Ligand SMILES: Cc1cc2nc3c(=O)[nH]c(=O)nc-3n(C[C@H](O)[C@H](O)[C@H](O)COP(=O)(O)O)c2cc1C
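Take a look at this single chain in structure tokens; it is the form predicted on its own.
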């Protein structure tokens, strides 16, 4: 019996690499796809020419399926992403959302990609969104839990996975949020997941193009080092606690959130690039999830996929019993 995620997306291992802005660039994406997983360009906020250029770089590394991501919110960036994906034609459109999905708007965009022969992976934050995405024709659904790096969502990864699996048994489902070990993956398989998505775990790989200082920051972090910054903006993100994070948290403690929000947005501008490209672990934002405490090395990407899945499979073959 085949794996439903692998069958739907044409990949060898049911592992998806999370879309991370200015982190999941061509070197990482190509390595993930070449190893048999689904690499995903963090292209949601990129200009079109950069997206197309990154797609071309991935294709130099592998002819296996990869994805490009966008946010299905009615902004000018959505149309940039749609245009780039329809022109560049990756195998998969990885569609994220910050707001609740509108069925008509969602279906219109899913149909555009399907008509172009592009599969649709829908990353959702709530059961309500999963139901809309499934009705609109998503090929695979990713359940993004509170524990996941990047934007902080509201529902626990385990609760959200259970809700979606119970309500949408015919759709392949990928669990996302706080995953870094084969044992976790095995537990999620028992809960009903067809595959997993990892983001922070792929930051700490040899092929990831971020500065080595950022990779070291992930390895060095423990669970309580991960803090949610930017609550006042309504779009908080997890990051490793450092000088920048402490300053943001103090601002939100001292000022009314209506005043703090603009200051936080100003401080955030370019902070990801300062960390990812320049390697400044104190003034830049290292956007890692809570699972960083389980990451202790910086292996090749293939170890995070091939070796990981072999251990995952072995765990599933063990005989467990309550009595």
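Positions refer to the first chain, counted from 1. Note that the structure is predicted; figures quoted are calculated from it, not measured.
The following text describes the form predicted together with the ligand, which does not appear among the structures shown.
Contact check at 4.5 Å (heavy atoms) against the ligand in the model of the complex: none of 14, 33 and 302 pass. The candidate stretches are 129-137, 190-198, 114-122, 224-232, and the one lying within 4.5 Å of the ligand in the model of the complex by heavy atoms is 190-198. Checking 172, 150, 88, 182 against the ligand in the model of the complex, a heavy atom within 4.5 Å turns up for just one residue: 150. Taking a 4.5 Å heavy atom cutoff to the ligand in the model of the complex, the contact residue among 288, 58, 51, 275 is 288. Though the partner is left out of this view, residue 257 does not reach within 4.5 Å of the ligand in the model of the complex, counting heavy atoms only.
Though the partner is left out of this view, residue 9 does not reach within 4.5 Å of the ligand in the model of the complex, counting heavy atoms only. Though the partner is left out of this view, residue 25 does not reach within 4.5 Å of the ligand in the model of the complex, counting heavy atoms only.
Taking the partner from the other structure, the ligand in the model of the complex has a heavy atom within 4.5 Å of a heavy atom of residue 176. Applying a 4.5 Å heavy atom cutoff to the ligand in the model of the complex picks out 45 as the lone residue from 37-53.
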